[in-house]
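Here we start with a single chain on its own, the form predicted on its own, put down as C-alpha cells.
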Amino acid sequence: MRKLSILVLLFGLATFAYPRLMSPRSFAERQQRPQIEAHTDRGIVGVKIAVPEFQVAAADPKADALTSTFNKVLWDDLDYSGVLTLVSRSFYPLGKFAQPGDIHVEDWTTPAVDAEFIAFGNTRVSGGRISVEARLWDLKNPQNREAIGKRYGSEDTEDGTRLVAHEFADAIVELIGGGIRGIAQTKIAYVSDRNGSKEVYVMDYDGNNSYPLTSYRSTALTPVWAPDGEKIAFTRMRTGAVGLEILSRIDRRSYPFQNPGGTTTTPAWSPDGSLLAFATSRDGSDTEIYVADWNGKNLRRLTVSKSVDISPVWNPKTGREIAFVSDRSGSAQIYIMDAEGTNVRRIIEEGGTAVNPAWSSDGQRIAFAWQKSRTSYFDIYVHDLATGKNDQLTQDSGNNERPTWAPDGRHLAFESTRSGTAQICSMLADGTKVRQITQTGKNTGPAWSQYIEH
C-alpha cells in the first residue's frame, strides 16, 4: 500500500479515481483602479490600450505574412497580460496608423474609444531581417506623450517575428503594470508522450515552438527550472533505478548529479540555484525530503516520519521555508517546514487530498491541487498564507492538477483533463482566461521558467 501511495504522488495520478520609459510609479500614482481578485493586483489592472495593426513599410508577400504574425502575437500577449484591457478595433477611427503624424489624440480619447494608451508602428523586411519601429503613447499625458519609442529587430522568420512582438509586449506590460516584467518571453517545461514515451519538452509560454529536451524512450517526469533559466532538473525512470538528472535547455548538455540511491524524485531548486531539495527512499521504503548541493553532494535529511514525504518546493522569496506533501495524517496533505527541517506545520485543515504545492514568486501564496472528497475532481486552489483563505480557481472541468506560477505572479499553468485527455492549460491567477496550450498526445507536469535572457 505504501508503494502505491508513493507512485500515486510521484505520477500525479489524481485521475485514478531601451525604450524611452516613463516612470511606472508616476503612472500608478495617477491611476486609481479596482484590482481583480486572487492577487493579480501586481500593477494597475484594466488600463485601456488601443493597438491598431502595424503597417508594412514596403509591401511584399513575405513582409505581409510576417507583419500579420507580429500583429496577432502582440495583440494576444497584451490581451493575456492581466493588466490591460484592449479596446476593440471596431471602435477605432478609419485609416492606417504607422507614424506619429497618423495619430490624432482626440480620435482615440473620444467616449467611443476611450483609450489611455496607444501602441502603433510599422515593419520593414530586408536583408534577412525584420525591423519593427514601435511606439507606445500615453494619450493622457501631453507633456510626456511617447512612453516607448524603439526599433526592434530579428531574423525575418516566424520565430524571429514572434520574438520581436514578445519583446515589445513585455516592455509595455512592464511600463503599465507597475514595473513587473511581462511573461511573453518565458517558457514552460512539461512532460509529453506524443512520441510514444514520456519525455520532457520545452515550449514558449503560449504553446508555440515546442521541442523535446529528452529522447530517452523511457520515462522522464517532474521537470523544474533552475533560477538561471538554463538548467532543468527532472526525474528519470529506467530499469532498476529512479533518479534525478539535470540538462541544459539550450544545448541538452548533461550536468553531473550524484544520486543518493533508492527512489529519488521530485527535485526543487533553491532560489539562488545552489541547492536541490528532493524526495528519496535511500533510507527505507518511504520517501523523505532531503537537500543537497545542486550536484548531489553534501546530502542532508530534512524529514523523519513513518510516511511518504514528497514534492518539496522552496519559498522563492526567502529561501527559508519548504512546502511538501506528506500522508502522515492518513491522506496526502501539504505541509511547510523551515529549510532546516524544523517547525513542520500543515496548511490545509479541511481534509480531502491536497497535493502539488507551487509557491508564488512573492512568497505569499501556495497554489495546489485539491480533491475535497473521493467523488469530486481535483481542482486548482490558491492558499493565502497570511489569511489562511483558499480560493478555488477551477471547477466542473475534469481533473486540474500540478499548478505552476509564472514569474509575474499573475498567471498559472496546470494540467487538465477538461478536453478529454491530459493537456497543459494556463490562466490568470483569478481563474479567468483559461487557455489550452498543448494539443498533441497527453501532456502533464508543467513548470514555468523564470525570466529568460535572450
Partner chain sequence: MTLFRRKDVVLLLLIVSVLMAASCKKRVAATPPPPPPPVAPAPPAPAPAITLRAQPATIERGQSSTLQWEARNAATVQIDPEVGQVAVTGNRQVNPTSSVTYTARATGPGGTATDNARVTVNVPPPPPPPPPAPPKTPDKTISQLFLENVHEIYFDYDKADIRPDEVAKLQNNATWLKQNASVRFTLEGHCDERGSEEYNLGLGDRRANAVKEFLLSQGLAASRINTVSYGEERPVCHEQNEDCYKRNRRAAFTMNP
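Numbering follows the first chain given and starts at 1. Computed from a prediction, not measured in an experiment: that's the story for all the values here.
What comes next is about the form predicted in complex with the partner chain, which does not appear here.
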State the residue from V125, V87, I103, L221 whose non-hydrogen atoms include one within 4.5 Å of the partner chain in the predicted bound form. L221
Of the options R345, K297, R374, R253, which one has a non-hydrogen atom that comes within 4.5 Å of the partner chain in the predicted bound form? R374
Spell out, yes or no, whether the shortest heavy atom distance between D286 and the partner chain in the predicted bound form is within 4.5 Å. yes
Spell out, yes or no, whether the shortest heavy atom distance between R162 and the partner chain in the predicted bound form is within 4.5 Å. no
How about Q185: is it within 4.5 Å of the partner chain in the predicted bound form, going by heavy atoms? no
Heavy atom of S307 within 4.5 Å of the partner chain in the predicted bound form: yes
Which of these stretches, 107-115, 148-156, 234-242, 208-216, has heavy atoms within 4.5 Å of the partner chain in the predicted bound form? 234-242
So which bits of 245-267 sit within 4.5 Å of the partner chain in the predicted bound form, heavy atoms only? T263, T265, T266
